[in-house]
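Single chain ahead, by itself, as structure tokens, in the form predicted alone.
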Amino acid sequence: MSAAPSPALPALSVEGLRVAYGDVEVVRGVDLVVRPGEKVGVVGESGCGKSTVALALMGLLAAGGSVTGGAVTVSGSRVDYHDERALDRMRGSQLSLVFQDPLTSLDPVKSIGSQIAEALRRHSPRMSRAAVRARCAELLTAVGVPEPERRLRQYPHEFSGGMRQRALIAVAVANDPAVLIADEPTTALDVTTQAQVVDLLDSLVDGLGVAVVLVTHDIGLVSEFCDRVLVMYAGRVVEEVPSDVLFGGAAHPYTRALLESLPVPGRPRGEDLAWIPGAPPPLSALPPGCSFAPRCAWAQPECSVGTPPRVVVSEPSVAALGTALHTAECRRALEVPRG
């Protein structure tokens, strides 16, 4: 079991993270701080870099990818991405990842019990067989899988999609990590099962004090589940906003455009859906200045020159101590109508 993180230390601190594949930089200076028990969402269009951030934090980038800059600490300990042994010790015990597709993430020829046991033995090799078995059953019970003793003997194909996701979460939390990264954990699940998985993550935060980083396309989900939301575009965090402010007070034109493109119940029949013109730029040929400027309705000539400043939209009040700072990387953030 890993030691509980000190309340004085962030569970996860990321400063200036940069990731490249060859000569192409795909993550360009991401900052992120997550405190114990906090839930932070990361959203954006496909290709914005959110899943790459998750894989980079775990040291699991695909061949050709590398962390080229920045500093990552977990519960105060610096992560060395050049030391594979140190990464092996960190994965699962301090930082865990729930992958997008449990069907392809779980080994089809190994029982569910053996896969949870493997995660346990990796970090506690001296655990007895009986203790491992008991802990595996305890974990399945904790993630809401009924009849755990019987289920431990079953294989992934014998589980439903929701049950496989629960089993994958059991593997991820087996060693009590400080931070759980959930990469699209509700993808391909029906609405009822999605709600159950989100409730499960919520219970883990309350019961274990684990910090959660939720990577998703679902803006509605992060607004309900998360404390803060980071909006990514072209490898950058363009807005960081408290979740309770997201729908009514988002300040970056890209975030506003994402929100306006969501389907709204009760929309008059035949009314066109809002959409964002154009497409995200190729990361190998980013436009000068603000990367969103070519698609932005609020862009001015100066937006195509230099890096946009990070504007403080609102600061936490004394009455709401602990509320997140609201910032947006946009010259016109204070002019964009909100609400």
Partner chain sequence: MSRPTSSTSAALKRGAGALLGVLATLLLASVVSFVVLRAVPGDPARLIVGPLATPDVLAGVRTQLGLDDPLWLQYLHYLRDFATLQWGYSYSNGADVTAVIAARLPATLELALWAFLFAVVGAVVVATLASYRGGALAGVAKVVSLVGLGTPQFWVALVLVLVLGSSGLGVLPGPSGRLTSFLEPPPHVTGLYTVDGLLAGQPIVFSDALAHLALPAISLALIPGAFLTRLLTANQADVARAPFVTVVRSKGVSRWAAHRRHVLHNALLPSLASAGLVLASLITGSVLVESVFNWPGIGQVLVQGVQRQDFAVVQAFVLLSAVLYVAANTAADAVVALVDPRLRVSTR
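Residue numbers count along the first chain shown, from 1. Quantities reported herein were computed from a predicted structural model and do not represent experimental measurements.
The form predicted together with the partner chain is left out here; the points below concern that form.
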Practice item. Specify the contacting stretch among 68 to 76, 213 to 221, 198 to 206, 98 to 106, defined as having any heavy atom within 4.5 Å of the partner chain in the predicted bound form. Key: 98 to 106
Point to revise | Site check Arg295, Thr307 and Glu329: each within 4.5 Å of the partner chain in the predicted bound form by heavy atom | key: no
Practice item. Only one of Ala182, Val229, Leu168, Leu139 comes within 4.5 Å of the partner chain in the predicted bound form by heavy atoms, so just point that one out. Key: Leu168
Check your understanding: Looking at Val33, Leu55, Val312, Leu286, which is the one with a non-hydrogen atom within 4.5 Å of the partner chain in the predicted bound form?
Key -> Leu55
Check your understanding: Can you check whether Gln194 is within 4.5 Å of the partner chain in the predicted bound form, heavy atom basis?
Key -> no
Practice item. Consider Gln115 of the chain shown here, and say whether it contacts the partner chain in the predicted bound form, taking contact as heavy atoms within 4.5 Å. Key: yes
Check your understanding: Might Ser124 be said to contact the partner chain in the predicted bound form, defining contact as any heavy atom within 4.5 Å?
Key -> no
Practice item. Please check if Arg236 has a heavy atom lying within 4.5 Å of any heavy atom of the partner chain in the predicted bound form. Key: no
Review point. Which residues within 148 to 179 place at least one heavy atom within 4.5 Å of the partner chain in the predicted bound form?
Key: Arg151, Arg153, Gln154, Tyr155, His157, Glu158, Leu168, Val171
